[in-house]
Each structure stands twice: as C-alpha cells, then as structure tokens.
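Take a look at this one chain, the form predicted alone, written out in structure tokens.
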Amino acid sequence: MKIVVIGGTGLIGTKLVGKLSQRGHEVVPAAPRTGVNTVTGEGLAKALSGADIVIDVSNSPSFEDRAVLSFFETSSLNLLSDEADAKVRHHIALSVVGADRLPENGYFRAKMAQENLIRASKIPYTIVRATQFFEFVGGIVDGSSDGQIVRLSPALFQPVASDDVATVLADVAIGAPFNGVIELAGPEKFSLDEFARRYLVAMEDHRKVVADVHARYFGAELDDRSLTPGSGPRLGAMHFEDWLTRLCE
C-alpha cells in the first residue's frame, strides 16, 4: 500500500515512516522540508496521488491560540479536499486524550476543530487520541517552573512513549477504518507532579516540585479525568522508568 505520512519528518512521523517501511509499504514522508505544505497546498496533490492511506501527525509551528487553530483548520481542509480527489480509503489523525474535556486549552480546542472536520468529511477515518508523550516532560517542567520551584497539579496522568504511539498508528493503518476515536495511553498512572519529580531526580536537577491543585496545565486546571483515558484504551508497552533509564544512558 501507498501510505502518506503528513508530518513525516517530526518526532512521531520519523518513527512511523520507519515502522511502515519495515512492514513493506510504500511510504511518503510529507512535510515542508520534503516539499509538501498542507497549509499552502504546495506539493500536496502530487504526494497524495495513488495513496491508499493518509496518516496526519503534523503539528502547528506555533502554539498561540489563534495560530494553532488556523493551522489545524487550514491544513485539515486542504488535506481532506485533496484526499477526496485522490480517493484515499482511510484517513488517520493523531489527536490528544482530553481534547474534548479541556476547552480552556487553546491547543485542545484546535485539535477538536480538526477532529470535527474529519468527522464531517466523507472519507473513512480513525482518530487516535494519545496521552502526553514521555518526551514532553522537559517542556512541561520548564513551562511550570518559576526559578527553583516547579508548580504542577497532582491530577492523575498516564503518559506514553512516542515509540509506542508510532507502533499503534502503524497497526491502525493496516486495519479497517474505525470511524471513531481510539484512545492510547501508557501502561501506568501517576500524578503529574510525580511525573515531573521522577524526571528531575533522573536528570540530577535540584528544582523542587510543588503539588498545587490550582496549578494550570497550559491554561487549564486539571482533575483526575482531564488527561487520562476512558475505559479500555490501548496501552503502550514502555514504562516511564525504563524510558528514563534509556534517556540517561
């Protein structure tokens, strides 16, 4: 099968292209650096010509509220239009667990806009909502840090390794369209503040993590359901401690 990976040169995209290629598929990594721009439309129709499946793991270059919404709306509209012309059989998109529960978060609002456009199209689809990646922990810590104090919510968290996200997306690609949402999370739950604390200990970083129920996560207060999946999610294989061990090697 010919599979086009939108955002194919990023963190998830690079892993996904590799996994699909190993399974014998013709894979096109589509991204601005390979001459494909879903916002301007440059190179998009050519990349999609003859494609059976499209997997969208692209991300906005800016997380400012209006910019990220504009990116996902424009990119998705262009992509879905050209996919319809190319008679693509399955559109797969990577979204975020909790996107439908945290409207205060501008990024999550943008992902919901993207999801709604996908649902409104006539292309068979699967939306994979993943929890936050282990690889985001450094950014979460830095974004919540005020000098030597890191203030984070004690709400439950179930992050996942990016490699597991790519594996699940590759599995979804060879299956039938779900025409709905699949949730993906890591194999264990712990609080957001504990997630950060374990990371800082592993990094020998002496900043102190303070649990604060009112601490905002990119604009939103959290509870134990905000960022955790519902019943029966797919689970990644890698545990956070194993990921940290690899990171520190």
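Computed from a prediction, not measured in an experiment: that's the story for all the values here. When you see a residue number, it is the position in the sequence shown, counting from 1.
A second form of this protein, the form predicted in complex with a small molecule, is not displayed here; the remarks below concern that form.
- Query: Of A86, A161, L80, V96, which residue is found within 4.5 angstroms of the small molecule in the predicted bound form when only non-hydrogen atoms are counted?
  - Reply: That would be V96.
- Query: With the small molecule left out of view, which of R216, R198, R207, R33 would have a heavy atom within 4.5 Å of it in the predicted bound form?
  - Reply: None of the others qualify; the residue that does is R33.
- Task: From the candidate stretches 115-123, 171-179, 144-152, 87-95, select the single one in contact with the small molecule in the predicted bound form, where contact means a heavy atom within 4.5 Å.
- Result: Contact-bearing stretch, as computed: 87-95.
- Is there a heavy atom of N59 lying 4.5 Å or less from a heavy atom of the small molecule in the predicted bound form? Yes.
- A130: touches the small molecule in the predicted bound form, heavy atom cutoff 4.5 angstroms: A130: contacts the small molecule in the predicted bound form.
- Indicate whether V39 is a 4.5 Å heavy atom neighbour of the small molecule in the predicted bound form. Yes.
- Going by a heavy atom distance of 4.5 Å, is T9 a contact of the small molecule in the predicted bound form? Close contact exists here: in the predicted bound form, T9 approaches the small molecule to within 4.5 Å, heavy atoms only.
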